[in-house]
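In the form predicted on its own, a lone chain appears below as structure tokens.
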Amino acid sequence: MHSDKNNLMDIEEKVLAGERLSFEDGLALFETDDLPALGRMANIVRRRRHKNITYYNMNRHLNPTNVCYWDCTFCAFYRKPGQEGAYTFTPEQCVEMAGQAFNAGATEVHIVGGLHPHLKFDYYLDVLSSIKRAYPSLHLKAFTMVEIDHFKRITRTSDEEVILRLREAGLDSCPGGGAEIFHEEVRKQICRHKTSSKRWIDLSRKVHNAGIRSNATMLYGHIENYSHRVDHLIKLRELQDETNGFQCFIPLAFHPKDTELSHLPGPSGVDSLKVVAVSRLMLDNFDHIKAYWVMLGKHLAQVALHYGANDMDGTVMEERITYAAGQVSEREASRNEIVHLIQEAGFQAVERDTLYNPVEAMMV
């Protein structure tokens, strides 16, 4: 216990001096039982960067299809072709949903879905271009690196060509999903057929080099250990050093219900706060850490704002993927509710667009 305290004091000195933390530092932070000390350090960094501001945005999730040929054990969202519950929206239906979101004040549509074995690349381009034509001001944050990898396979062209065509169709930025845990030892067990971590990082680099910003994620609370998490954070930090293309890091709490890993308990509240805090401390070159209320629950997300997070995500409107795994909190939040949650936690709520430009500051 004594050495744990000394360790934390050494790390805190580094944090106060603005020095980069090492792999060993990251492990020590995860291993500590001193949650208040961990929160205090992360909060110092968070307030140094963002003072009292917490961001949120008006957004809608749109999952064009849940049909997928992969079989990730942590996923309750996917269906096989023809299976009960399988669906694919037409581009026209996607435009209709984007229009509802736009009319409700959304500035962003977040588009991700399954890897459908029969849809052509043109379908995805149509979804983008149809929405962009109808609602040119909507920011289309679409397709993870896993989906872009799938597009490359079905088109048999280069990564660069796929990215260019997506951009021409209306892609504005990319979400951060599909990263899961980078360590291949873990990937072999939870998503053995999925895009490798090296490929995910490679494609992110190419997206950034094309001038497109993206987010990054880490799925935690399943079979991974602390060293796998720290390894993941350091790999993201290294790529950010190289490209500076990541906007935000989003830790994703694993929800085991109705997945093949339903025997696992999922992360505790303490573990989730640790992940948020350690992420803020390790990712010194990321501006934003998100407390994703859809997976944390709204009340824990409020606490996470004191553990390094400076963004609550947004109104979300019909997120399907977490809810397929039995998430019990609500599917969406109104602007007023998000603002109230942020203000109640003691922060100033600022509405942002996808690129973190303030849309309107909401004061008490």
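Note that residue numbering follows the sequence shown and begins at 1. On a predicted model such as this, the values are computed, not experimentally measured, just so you know.
Beyond the structure shown, there is the form predicted in complex with a small molecule, which is absent from this document and is the topic of what follows.
K.L.:
Using 4.5 Å between non-hydrogen atoms, is residue 187 touching the small molecule in the model of the complex?
P.N.:
So residue 187 does not count as contacting the small molecule.
K.L.:
Using the partner position in the model of the complex, report whether residue 111 sits within 4.5 Å of the small molecule, counting heavy atoms only.
P.N.:
The answer is no: residue 111 has no heavy atom within 4.5 Å of the small molecule.
K.L.:
Can you tell me whether residue 197 touches the small molecule? I mean in the model of the complex, with a 4.5 angstroms heavy atom cut-off.
P.N.:
It does not: once the small molecule is placed as it appears in the model of the complex, residue 197 has no heavy atom within 4.5 Å of it.
K.L.:
Residue 272: heavy atom within 4.5 Å of the small molecule in the model of the complex?
P.N.:
Contact check for residue 272: no, nothing within 4.5 Å of the small molecule in the model of the complex.
K.L.:
Tell me which stretch of 159-167, 228-236, 273-281, 251-259 has a heavy atom within 4.5 angstroms of the small molecule in the model of the complex.
P.N.:
Only one stretch qualifies here: 251-259.
K.L.:
Looking at 203, 219, 115, 98, which is the one with a non-hydrogen atom within 4.5 Å of the small molecule in the model of the complex?
P.N.:
Here the answer is residue option 219.
K.L.:
Sort through 191, 140, 106, 75 and report the residue having a heavy atom within 4.5 Å of the small molecule in the model of the complex.
P.N.:
Answer to the contact question: 75.
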